[in-house]
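Shown here is one chain on its own, the form predicted alone, set out as structure tokens.
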Amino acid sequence: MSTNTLKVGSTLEWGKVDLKRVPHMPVAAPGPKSKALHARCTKHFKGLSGQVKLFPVAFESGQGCVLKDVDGNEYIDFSSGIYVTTLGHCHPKISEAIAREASKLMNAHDFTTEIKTRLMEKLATVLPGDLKGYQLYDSGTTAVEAGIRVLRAATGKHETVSCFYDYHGKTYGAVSLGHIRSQVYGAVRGPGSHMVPRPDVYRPMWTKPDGTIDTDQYLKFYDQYLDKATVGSVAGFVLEPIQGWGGSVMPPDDFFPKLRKFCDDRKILLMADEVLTSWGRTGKWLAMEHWGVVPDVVTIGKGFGNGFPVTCVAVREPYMESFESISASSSYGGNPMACAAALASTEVIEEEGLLPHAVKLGEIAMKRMLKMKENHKIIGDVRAKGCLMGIELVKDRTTKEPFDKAGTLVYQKAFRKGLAWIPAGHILRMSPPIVMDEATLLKGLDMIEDAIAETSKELGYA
């Protein structure tokens, strides 16, 4: 057992950043060692994400809310490894739990183990409503595909409805639910895959006379769409509670309660893809809890194992047996290391009361970002729910024309200052670990504002 073991209640202290020391950027980033290592790796490793292409730094290590690159630069982590390390890098309890199982048993397919049983029992205590049936996987995409199969098995129907700008993964079925466009997936979406607009408070498609978003009009459109565009065999409505890849887009508060009733009235199941939004990211176990809605099927991932590749499909009790007819098992999903990572992550969040802390960080961030919006006219909108945050950059607040060039420059400038984070075109995405302290959160937002000010001046918008 490592001497680094944390006592209950000490994670927030462990995650605190020494702002006298970090960020620490002795070498202009990306530095020479990063560039050399990146060149060696990418001679063979292909298909990089957009953020790596924009800033090809090579990381060496991480601890808590700090990342270190191979040139010795140290960054505040505002991405959590793309929404994954919710409890910070290398949390001792989680690392030790993984190592303990790795020294005993690394895989036993889907046979029962004690650590898996303990995880199943823990999930049954923290998840809302009657979400009591589970299966484990090793990626979000795989979980989404399994969730689709559950919808079809439970209903005997085959069509799905998802939303514009949602992201659900990169296999054919998951891509058919999302916004990705590529001919390599085929000339058409999967059979029976439909997409509709979802309410976006900042960019509404339908509004009331007072200019506010009219959620009811979206639902009226859905009703017409289902009647005219489907063959009447819709198994499920699948969507992200908050769009991640789409830019931290939050729904109006009345949307999900109304969508729940809409689906119930039509005997359509509701599936929430919470791979990104679950396990404390928004200050709840599931983001859907913010609106008092229990989905019929939900995918859980990313922060679920705090970096270890483990995901989950959870279903309500009436549909649990659907797992039996979909060939649900997987080679890696429920291995002992995966179960240990997920259980330890859950215990840390629960025992140390980290959900309220995530909510508090979101409130602090929102207050700070609203002030930033007052100071910079290229900021069109700001939003936050827990540690899921976004800043939308526009060329003009009236036309709301996206400002992609500004987004790229702000991302790169802030990264050079020592902030590791996520680009999304004209939308700046932030997902700091929920163990971050308030001072570090505000320091990161200060760095972003400095980058926005510099970009505004450079592009003639100051």
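Sequential numbering from 1, following the sequence displayed. What you are looking at is a predicted structure, and each value in this text was computed from that prediction instead of being measured.
In what follows, reference is made to the form predicted together with a small molecule, a form of this protein that is not presented.
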All of Phe415, Glu449 and Thr455 with a heavy atom within 4.5 Å of the small molecule in the predicted bound form = no
Choose one stretch from 377 to 385, 146 to 154, 257 to 265, 132 to 140: the one whose residues place a heavy atom within 4.5 angstroms of the small molecule in the predicted bound form.
-> 132 to 140
Just one of Tyr167, Tyr222, Trp285, Tyr319 has a heavy atom within 4.5 Å of the small molecule in the predicted bound form. Which one?
-> Tyr167
Contact residue in the predicted bound form, from Tyr332, Trp291, Phe308, Trp245 (heavy atom within 4.5 Å of the small molecule) = Trp245
Can any non-hydrogen atom of Cys339 be found within 4.5 angstroms of the small molecule in the predicted bound form?
-> no
Do Leu276 and the small molecule share at least one heavy atom pair within 4.5 Å in the predicted bound form?
-> yes
Could you confirm whether Lys302 comes within 4.5 Å of the small molecule in the predicted bound form, counting heavy atoms only?
-> yes
Touches the small molecule in the predicted bound form: Glu392 (any heavy atom, 4.5 Å) = no
